[in-house]
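Coming up is one lone chain in structure tokens, specifically the form predicted alone.
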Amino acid sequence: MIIIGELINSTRKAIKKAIDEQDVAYIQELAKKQEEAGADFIDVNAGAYVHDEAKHLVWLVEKVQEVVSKPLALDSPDPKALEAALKVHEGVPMINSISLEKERYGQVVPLVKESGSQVVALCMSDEGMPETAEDRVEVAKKLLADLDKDGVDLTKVFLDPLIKPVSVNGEYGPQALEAIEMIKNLESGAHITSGLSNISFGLPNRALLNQTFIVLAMGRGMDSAIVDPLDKKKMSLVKAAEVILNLDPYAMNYLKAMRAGKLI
């Protein structure tokens, strides 16, 4: 399971405050904790700064990279902000994100190709967010076909079927799981990821719902998620699910995490 640590996001009040105050220690400590907890990528988002996002995203990249060895997920819909962040990122990052929206696609694909980055591809088009599982899969097919045609390595693509809150419509849970399974069955070589915590928006005890959903989604074929890696129960469930799904041969990663005291 590829974990993308979601906590350094400027829409969170504590992060916005840290960026405003240039609190390097706070940002770096949070980055280190996510890496230690098992994050494979550290997401950095400065989207709250509408007029000078690029400057703040570059600052986050520079400061986070000083203390972690994992690559970063450059989280922005703005190609200019992504381009600026790519210039200071060391190694191969992840771009979060691209979509089938014509303008966004046309501006972000060249950045993906030039940098050789991993890329989150949202199952969304100019027609908006798809409603059904079938609609999501149709967008996924078009995205994969276009990215492949444009020379993007599909094994570096992370398709996001766009998780919606079950508090709005109870069918959004089953639809998301069905979409994950259908995309997995495309056998494209692409990964499947999600902004997992969207599933629980508007409900109490969100952690419990998120923990349950990640196991169900893994069973359908999701192999990545944008989550809080400091949720020890969730990370423990991921390790356990990997064993049950035969994604962790001989339970080696599970046993290593157990010895390190990371499981509960």
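Residue positions are given as counts along the sequence shown, with the first one as 1. Everything numeric here is computed off the predicted structure, so don't read it as measured data.
Here the subject shifts to the form predicted together with a further copy of the same chain, a form of this protein not shown in this document.
Chemist: Sort through Gly128, Gly170, Gly106, Gly151 and report the residue having a heavy atom within 4.5 Å of a further copy of the same chain in the model of the complex.
Modeler: Of the listed residues, the single hit is Gly170.
Chemist: Which residue among Leu162, Leu177, Leu111, Ala84 has a heavy atom within 4.5 angstroms of a further copy of the same chain in the model of the complex?
Modeler: Contact check passes for Leu177.
Chemist: Mind telling me which stretch in 56-64, 206-214, 31-39, 222-230 gets its heavy atoms within 4.5 Å of a further copy of the same chain in the model of the complex?
Modeler: So the stretch in question is 206-214.
Chemist: Give a yes or no on whether each residue among Ala241, Ile244 and Tyr254 has a heavy atom within 4.5 Å of a further copy of the same chain in the model of the complex.
Modeler: Checking in the model of the complex: Ala241, Ile244 and Tyr254 are all within 4.5 Å of a further copy of the same chain.
Chemist: Is Leu237 close enough to touch a further copy of the same chain in the model of the complex, meaning at least one heavy atom pair within 4.5 Å?
Modeler: Although a further copy of the same chain is absent here, Leu237 would touch it in the model of the complex, with heavy atoms inside 4.5 Å.
Chemist: Is Ile2 close to a further copy of the same chain in the model of the complex, meaning a heavy atom pair under 4.5 Å apart or at it?
Modeler: Output for Ile2 is no: heavy atoms all beyond 4.5 Å of a further copy of the same chain.
Chemist: My question is simply whether Val166 lines the interface with a further copy of the same chain in the model of the complex - judged by any non-hydrogen atom within 4.5 Å.
Modeler: Residue-level check for Val166: yes, a contact with a further copy of the same chain.
Chemist: Do Ala260 and a further copy of the same chain share at least one heavy atom pair within 4.5 Å in the model of the complex?
Modeler: Outside the cut-off, so no.
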